[in-house]
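Given as structure tokens, the chain that follows is alone and in the form predicted alone.
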Amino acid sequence: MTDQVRIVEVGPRDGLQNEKIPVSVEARVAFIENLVKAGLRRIEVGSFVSPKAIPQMVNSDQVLRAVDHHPGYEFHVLVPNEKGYEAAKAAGAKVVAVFASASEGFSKANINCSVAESISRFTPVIERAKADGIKVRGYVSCVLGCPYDGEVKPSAVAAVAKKLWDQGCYEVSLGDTIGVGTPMKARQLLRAVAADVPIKKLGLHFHDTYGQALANLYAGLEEGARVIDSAAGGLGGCPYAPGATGNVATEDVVYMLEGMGIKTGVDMQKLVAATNEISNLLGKPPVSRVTSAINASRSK
């Protein structure tokens, strides 16, 4: 457990994409800059998808250009197809992410195609990115359950993850999109996928719908996983996953890791400040238990 754990902050993209209140380019840039100041070095900043599908991510090119001036930091953007890739490349993207579902029902609801068809869509994206020297991260959705199909077999997740890995993704993030997983199921999943993809190249992207995310992350760390996706303040949700709540909160993850003796390089006070600022803008309190506790202690 003394190995370094890499945190991928997904609040500015996965966190904001489901918010009803649109967040301006200026506010998104300010949010990202605050996260950088807090010491988060890998941040997902936008998505090059249709504005009609995800209006909250409009002008992601402007956001990327505005923040991509920190040497040694990674700013990730999501791309659904070659058109999105071309726009991301034009904006200077150095890391792009592609996504597929482990369940047919979610794939059809999310991107209106089968799992196999989704893989055929991002195959040329990965090939072009490799030729252009741009890193590609892979996402697999619904790895522990689907809002349309119910239970998802680990073998189905492993098959999709293997395709992403074999095609050239440097890392594959496993998303419990609706947050139904429990530690034993998370452990079984990782063991199945790790047969095809090195465990340290697997990211844990767990939503906290049932309050199990930290427990699931701990189980993943025991299995050898060393990459965690999280969102400041517990922001998040998915337009195509009814009832799913936000991602596990970055503050809660940092508190757990630091308490285990794992250094994250994150300044908690600056992270809480970043969370409070975006939460005030959105007009709702942060979901993070750590931020709520720190805010409460300050108000005494």
Ligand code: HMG
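All of these numbers come straight from a predicted model, not from anything done at the bench. One-based numbering along the sequence shown.
The same protein also has a form predicted together with this ligand, omitted here; what follows describes it.
The candidate spot formed by Q17, L78 and G175 is fully in contact with this ligand in the predicted bound form: every one of the three has a heavy atom within 4.5 Å. Checking I228, C142, V160, L190 against this ligand in the predicted bound form, a heavy atom within 4.5 Å turns up for just one residue: C142. Checked against this ligand in the predicted bound form, the residues A273, A66, A27, A53 give one hit for a heavy atom within 4.5 Å, which is A53. K89 falls outside the set of residues with a heavy atom inside 4.5 Å of this ligand in the predicted bound form.
Proximity of G84 to this ligand in the predicted bound form falls within the 4.5 Å heavy atom cutoff. Though the partner is left out of this view, Y255 does not reach within 4.5 Å of this ligand in the predicted bound form, counting heavy atoms only. Interface membership of T209, defined by any non-hydrogen atom within 4.5 Å of this ligand in the predicted bound form, is ruled out. Across the options 149-157, 218-226, 200-208, 67-75, residues that bring heavy atoms within 4.5 Å of this ligand in the predicted bound form belong to 200-208. Along 82-111, these residues reach a heavy atom to within 4.5 Å of this ligand in the predicted bound form: K83, G84, F99, N110, I111.
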